[in-house]
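Okay, so here's just one chain, in structure tokens, the form predicted alone.
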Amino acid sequence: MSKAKTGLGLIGTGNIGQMHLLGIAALREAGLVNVEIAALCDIDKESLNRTADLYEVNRIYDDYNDLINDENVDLVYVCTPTSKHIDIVKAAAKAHKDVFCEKPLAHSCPQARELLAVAKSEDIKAGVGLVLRFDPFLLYAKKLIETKDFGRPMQASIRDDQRFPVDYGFYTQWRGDKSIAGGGTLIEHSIHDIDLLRWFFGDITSVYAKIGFFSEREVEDQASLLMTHKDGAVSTLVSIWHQVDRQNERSIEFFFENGFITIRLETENRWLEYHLQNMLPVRINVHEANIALLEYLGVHSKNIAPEALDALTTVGTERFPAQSYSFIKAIQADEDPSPNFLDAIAAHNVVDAAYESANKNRVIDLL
């Protein structure tokens, strides 16, 4: 970038947009990124004006094209409902603005591939909001697997459940509308889990799935997947949207020939425990896991200021600040961000296969 400070424009000031703005502001205040929240856009004028006042942003728009074409905006964050992603990402790419787009990238894998093609043809850099890749406990697990003798992977299991994100907390009605969301708990929520399983166990070669519609809405609220990975390991995913008054809870288990890792990512209970052959189980706390996150981000944990540490490890309910730190630093260094549109496409490919499997009641081969 030619400017000393990167101008960031964010489209969509709803729940996920607010989370990103909170994280970006914390990073900026801590001196971790040289970025300005230059412009905001939303069709909801009340939300837009309230957010602009909160973050002291003067340039506000109700048309995303106006934000994209603002000369003060170098980088575009797309935090709208899924159905809007395609048009906005294409417009940003054609304006030669680098893009961060929230997950799911699109309604289907062909649509996601179309966005990648546009990003490549316009030579822009594009990241995607697969935020689990910045969870400290998952990064600690990756480091464990790389440094200790767990042996070959055998089995992975994830149970991911969440209160149905309609009429609850800060969520809105659109997640129950298939024409906007593209689907339910599988694509809207557990695309994170599919990306995670690929990240740990490699490409998925086949999937068998069942989905359910217990709430009688247009989108599925239950999905059960059995997947085979390229090296022979098997993974299972149970994804549920329910009516119980509890927040997002995720239970993860990785089995290997010589060891086992279990991770709990729950509202009030987050930890990792691993058990290697001929050793006692080891429990990892938040502090130890955060060191793995800082190392992954290339931040020296011994020299980091308290406010910078807080920004990366405690601000918000998920590690959105760490994700934005990684993305913005990559853009400013003219490097490809990770995760990117290719990662999103790989996850979308599995999601599409899972829907096809559920419709046809058979195994779908991917490779």
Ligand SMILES: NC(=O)c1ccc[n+]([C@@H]2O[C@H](COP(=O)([O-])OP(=O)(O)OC[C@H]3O[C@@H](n4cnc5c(N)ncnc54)[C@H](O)[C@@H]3O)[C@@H](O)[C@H]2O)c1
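For every residue, the number given is its place in the sequence shown, counted from 1. Remember, predicted model here, so these are calculated numbers, not experimental data.
Just so it is clear, the following notes concern the form predicted in complex with the ligand, a form of the same protein that is not shown.
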{"query": "Site check G12, P104 and E188: each within 4.5 Å of the ligand in the predicted bound form by heavy atom", "finding": "yes"}
{"query": "One stretch from 23-31, 302-310, 331-339, 39-47 that, in the predicted bound form, holds residues within 4.5 Å of the ligand by heavy atom", "finding": "39-47"}
{"query": "Selected contact from Q222, N290, T228, T82, since only one has a non-hydrogen atom within 4.5 angstroms of the ligand in the predicted bound form", "finding": "T82"}
{"query": "One residue of F255, W174, Y296, F214 in contact with the ligand, assessed in the predicted bound form (non-hydrogen atom, 4.5 angstroms)", "finding": "W174"}
{"query": "Heavy atom of A93 within 4.5 Å of the ligand in the predicted bound form", "finding": "no"}
{"query": "Residue contact check: G129 to the ligand in the predicted bound form, 4.5 Å heavy atom", "finding": "yes"}
{"query": "Contact of H192 with the ligand in the predicted bound form (heavy atom, 4.5 Å)", "finding": "yes"}
{"query": "I345 within 4.5 Å of the ligand in the predicted bound form, heavy atoms", "finding": "no"}
{"query": "Heavy atom within 4.5 Å of the ligand in the predicted bound form - qualifying residues of 223-247", "finding": "none"}
